[in-house]
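Here you get one chain, nothing else, as C-alpha cells; it is the form predicted on its own.
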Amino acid sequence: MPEKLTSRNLLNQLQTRHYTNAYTAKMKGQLVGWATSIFPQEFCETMDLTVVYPENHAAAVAAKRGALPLLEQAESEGYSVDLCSYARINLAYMKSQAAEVPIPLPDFILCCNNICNTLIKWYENIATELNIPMILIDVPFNHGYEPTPAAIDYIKSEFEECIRQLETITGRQFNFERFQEVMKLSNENSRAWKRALDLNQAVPAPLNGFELFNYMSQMVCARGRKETGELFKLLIEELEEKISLGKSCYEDGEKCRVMWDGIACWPHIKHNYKALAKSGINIVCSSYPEAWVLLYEPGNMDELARVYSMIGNNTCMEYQADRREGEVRNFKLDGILFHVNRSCKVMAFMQYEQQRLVAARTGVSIMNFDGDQADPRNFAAAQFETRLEALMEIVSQNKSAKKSKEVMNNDPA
C-alpha cells in the first residue's frame, strides 16, 4: 500500500520540480528569467515563462550551510560585507555556479522594488555583467496609509510597459484571457495560504512557525499555479485535523506564543527551532509569510497595483504597527521576537519604533536578537538562547501580574 502523501512531502516534490524544470527549460533553449520575490508573477505566468527567484535560492543555499564560500567569494571580488547576504550569494553564484541547489543563469531579469529598494542595484549589476534585458517595476513608498491615486496610475503604466517588454523579449503576444485565469488562480491560492496561516490562531497552534517559512517558498515560486492550491488544500486538511484533536506541534505543548518579526536565520534555523522548542516557545505567526497574501478582484488593474504596492517595508509605520497589533490580538500572543537582520537595514531600522508602538498599544512582551538571513557569521547562538530566557522571564512576570489583577478584580470584598 503506498504511503500517504503529506503536505510536506508534496512541498518537497514541488520545490524539486521547480528547480528541475528550470534546468530542463534552459537545456531546451527556452528563455529562463530571474525575478525578485514579489514581482507581479501574473505577467510571467500568463506568458508561460520559466522564472526562478534568487532570494528563495539564496535562502535554500544558506539553509543547507552552503552560504559562506559564496559570501567570501563575493567579498574577495570587492562586494562589501554590509550588502545584503542574499545579493552577495547570488552575485557570487552567478560567476561560479557552485551550490548544492543549482539554478540556471538568466536570459532576462525582472525586478520590483516593493519589498526592497536596494534590489534595483543588485539586479542592474546582474543585467550589466550578463548583458541581458532587465524589466523594472518601480513602486513608490507609501508615506500615507494607502497608495495615492497618482501612485496607482504610475504603477499601472509600468504594468503596461512590462507587458510590452515581455512581448518583445519572447516574441509572443500577451493573452489577456489567460491573464484573467491566472489572476483568479492567484487569488484562490492567496486565500488558501491566508487560511493556513490563520489556523495557527488555535490554542495550541497546530504548526510551528518555521514550517510557515518553508511552505511560503511555494507562494514565492508558484503563486499562480494549480498545484499550489492542491498543496495548501492538503496542508489545511492536516491542520484542521490537528486542531480537532487538540494537538500541539510540540509534544510537551506550547508554553509561550510569539510572533517572529522578520526573515528567518536560514543558516541557523535548526538551532533556532531546537532552542525555541526547548523553552516551549512556539512561533505561531510571522510578519513575513503573509506578504504573499495578495488579494484583488481579477481584472481590476487598480487593485492589482494597490496590492503590489502594500508590501511590508513599502508601507508607513502606522500601517505596520496596526498589522502587528492585530496579530497580537488574533493569535493571542504572549510576545514578539524581533530579528534585527543585518542584511535588511530598512526592516531593522523600522523595528525599534514598531516595538515602541506595539508595546504601548498592547502591553505584549518584546525581545530582539541580532542575526542575518543568510550570513552565518552575524549570529551568536549564546545570545539567542539568553534572549529567549529573558523573554520567558518577562512573559512569566506579565502573566503573573495579569492573573493577580484578575483575582483582585473578582474579589467581592
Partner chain sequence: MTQLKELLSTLEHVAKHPAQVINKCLEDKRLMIGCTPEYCPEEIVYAAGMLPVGLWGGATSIRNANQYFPAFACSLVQTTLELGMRGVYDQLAGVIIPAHCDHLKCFGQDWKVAVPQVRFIPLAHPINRKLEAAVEYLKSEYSRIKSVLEEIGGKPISHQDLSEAIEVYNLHRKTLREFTLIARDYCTTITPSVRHNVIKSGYFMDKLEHTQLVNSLIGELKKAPPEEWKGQKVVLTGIMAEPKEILDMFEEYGLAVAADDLAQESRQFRTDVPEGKDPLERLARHWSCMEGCSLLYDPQKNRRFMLKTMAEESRADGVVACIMKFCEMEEFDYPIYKKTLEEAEIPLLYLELDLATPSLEQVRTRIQSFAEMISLKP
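Because the structure is a prediction, the values reported are computed rather than measured. Residue numbers count along the first chain shown, from 1.
Form predicted in complex with its partner chain: not shown, discussed below.
- Only one of 85-93, 291-299, 263-271, 221-229 lies within 4.5 Å of its partner chain in the predicted complex by heavy atoms, and it is 85-93.
- Within 4.5 Å of any heavy atom of its partner chain in the predicted complex lies no heavy atom of S244.
- Shown alone here, M183 lies farther than 4.5 Å from its partner chain in the predicted complex, counting heavy atoms only.
- Contact check for E238: every heavy atom lies farther than 4.5 Å from its partner chain in the predicted complex.
- Although the partner is absent here, K194 sits far enough away that none of its heavy atoms falls within 4.5 Å of its partner chain in the predicted complex.
- Three-residue candidate spot N113, T148 and S157; every residue lies within 4.5 angstroms of its partner chain in the predicted complex by at least one non-hydrogen atom.
- Of the candidates N341, S286, N282, N200, N341 is the one whose heavy atoms come within 4.5 Å of its partner chain in the predicted complex; the others do not.
- Comment: its partner chain is not present in this chain, but in the predicted complex one of F210, F108, W122, Y215 has a heavy atom within 4.5 Å of it, namely W122.
- Looking at 241-269, no residue comes within 4.5 Å of its partner chain in the predicted complex, counting any heavy atom.
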